[in-house]
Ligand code: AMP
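Shown here is one chain on its own, the form predicted alone, set out as C-alpha cells.
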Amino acid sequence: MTDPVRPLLTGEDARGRLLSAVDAPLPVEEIPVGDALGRILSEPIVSTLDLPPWDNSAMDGYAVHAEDTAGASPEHPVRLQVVGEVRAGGSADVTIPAGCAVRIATGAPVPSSADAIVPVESTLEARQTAADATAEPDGPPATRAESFRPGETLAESCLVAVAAAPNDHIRHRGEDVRAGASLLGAGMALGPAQIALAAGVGLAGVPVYRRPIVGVLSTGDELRHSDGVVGRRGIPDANRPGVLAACRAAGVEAVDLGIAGDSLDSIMAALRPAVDRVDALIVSGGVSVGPYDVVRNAFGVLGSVDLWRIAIQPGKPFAFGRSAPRDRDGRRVLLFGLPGNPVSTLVTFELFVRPVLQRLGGRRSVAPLTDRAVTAETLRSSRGRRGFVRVKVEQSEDGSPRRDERGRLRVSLAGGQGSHVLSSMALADGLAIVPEESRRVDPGAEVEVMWLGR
C-alpha cells in the first residue's frame, strides 16, 4: 500500500536525488601509472614530449633513398650496397650515400639521410653475384625474402623488388602526439589503453580521485556465514558476499562489516565505529515496515534519512541517508539501506548505489548501458511500479549477442522472477524494463534492456 504521507518516489527521481547528494568527488592523490587501472582522472593528462619522440622505422628492412629504388620489380630488382645497420635503441648516425642502404630494425631511429624504408619482404634473397643481379633465364628464379634470420650477418648488398616512395614505412616524430597536447580528460576512467598512452608519453604518475571506501553489513537474526552450519533456523548470507563483489566490480574498496542481528543495538555496534573510516555504508535487510526493521532508525541516529521506498519491482524498500558531518574532515558518510531479499539487494545496487559510488570516485558519466530488444516471452510487473525483469540475451554461435535486422536483441526470461530467486539473477545478462503504466509486455513487443556487468 502506498504511504499517503510519503508517496513512493519514481526511479528517476530517486536516482537524481541520490546523485545530487554527492557534493564533490573524493580528494585527489597521485599514484604510479601502473597502479591506475580503473581509477578516474582528476585533471587532464598533457603530454610532455612528442610521440614518437623521433622518426623510426615501422618495419624490419632497409633505410634507403626512395629515388634509388625507382623502377624496381621482382623481374628487374635494384641492387643497393649495404653500408651499415641501425638497431632499435641504437644510433642513427649513419650516412647513406646514393645507391646504398642501411639494414634497419622495427622501432630503430631512421638516419637523417634516408627518406624511406624498404621492408625485408620487398627484397629478394641476395644470392647472386654483382654481375648476376637477376636470375638467369634457365636458372632458378630469385625468391622473395621473408624475414631476417636471427644472428644473420650483414649482407654486402640487397635486391629491392618493390619501388619505394618517400616516407614509406617511417613513423614520423610527433605523428601520434605532440608535446603539450591534452590527451585524456578529467573524469575519464583509466583502462589498459589509457595507461599505455600515459606511460608512452613518459608519465610516471597520474592524478586521480581517491577510491571510495565502502562498509558492507548484512542484518538478520536468521543469517549465517556461508562457510558455517546453518541449522534448522538459519540461512546462508548471500547479500554481503554479493554486495562486496559488486562494490569491487564498481571500482571501490569494500570493507566487510559482518552480520548484525535485528536490533538497533546490534546494528549500531557495527555501524558506529565504521562511520569514521569509510565514505559510504551499505546495509542489506531491515528497511521494510516490519517490527524488526530498524535500519532506518539506525540511520536516524547516525544522521538523517533522506529517501525511503521507490516505485520499482523488485526493490521497493530502499532507504538512503547521510551521517552527521565527521569531526575529522567534515564529510558526511552516505548511508544505503537495501532490501533483504538477495535479488532486490543486487538490483537496487545496480540501479542506485553503483552510480553514486562512481560519482563519488570522480566518474562523470554514470548512466547504465541500455539496449533495445524484443521479448520472446511475457514480462510481468506490478502496475504503478517500474519492473526490472531478469532476462537472458539470445546469442550467436560465437557467443556474441544476436540482433535482428533493426539491430534489436532478442531476450527471454532467465528463470523465476521472485525477489528470492537468486539463480535467475546469476543467469541474467540484463534487466528488461516494464514501464510503470503496464502490468505486462507481450511476446514480440520491443523493450528496453539494461545490461548487467557492463
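All residue numbers are counted from 1 along the displayed sequence. As the structure is a computational prediction, the values presented were derived from the model and not from experiment.
If you look for the form predicted together with the named molecule, you will not find it shown, but the lines that follow are about it.
Exercise. Just one of 81-89, 357-365, 231-239, 196-204 has heavy atoms within 4.5 Å of the named molecule in the model of the complex; which?
Worked result: Within 4.5 Å of the partner lies stretch 231-239.
For this session: Answer for Glu253 alone: is it within 4.5 Å of the named molecule in the model of the complex, judged on heavy atom distances?
Result: Glu253: no contact with the named molecule in the model of the complex.
Problem set entry | in the model of the complex, Ser323 touching the named molecule (heavy atom, 4.5 Å) | Ser323: no contact with the named molecule in the model of the complex.
Exercise. Would Thr348 count as touching the named molecule in the model of the complex under a 4.5 Å heavy atom rule?
Worked result: Residue-level check for Thr348: no, no contact with the named molecule.
For this session: Would you please decide whether Pro342 lies within 4.5 angstroms of the named molecule in the model of the complex, comparing each non-hydrogen atom pair?
Result: Pro342: yes, in contact with the named molecule in the model of the complex.
For this session: Just give me the single entry in Asp279, Asp168, Asp293, Asp371 that has a non-hydrogen atom within 4.5 angstroms of the named molecule in the model of the complex.
Result: The option sitting close enough to the partner is Asp293.
Exercise. Which listed residue (Pro212, Gly285, Gly315, Pro77) meets the criterion of a heavy atom within 4.5 Å of the named molecule in the model of the complex?
Worked result: Checking each option against the named molecule in the model of the complex, the one that comes within 4.5 Å is Gly285.
For this session: Could you list which residues of 193-222 come within 4.5 Å of the named molecule in the model of the complex, counting heavy atoms only?
Result: Residues within 4.5 Å: Ser218, Thr219, Glu222.
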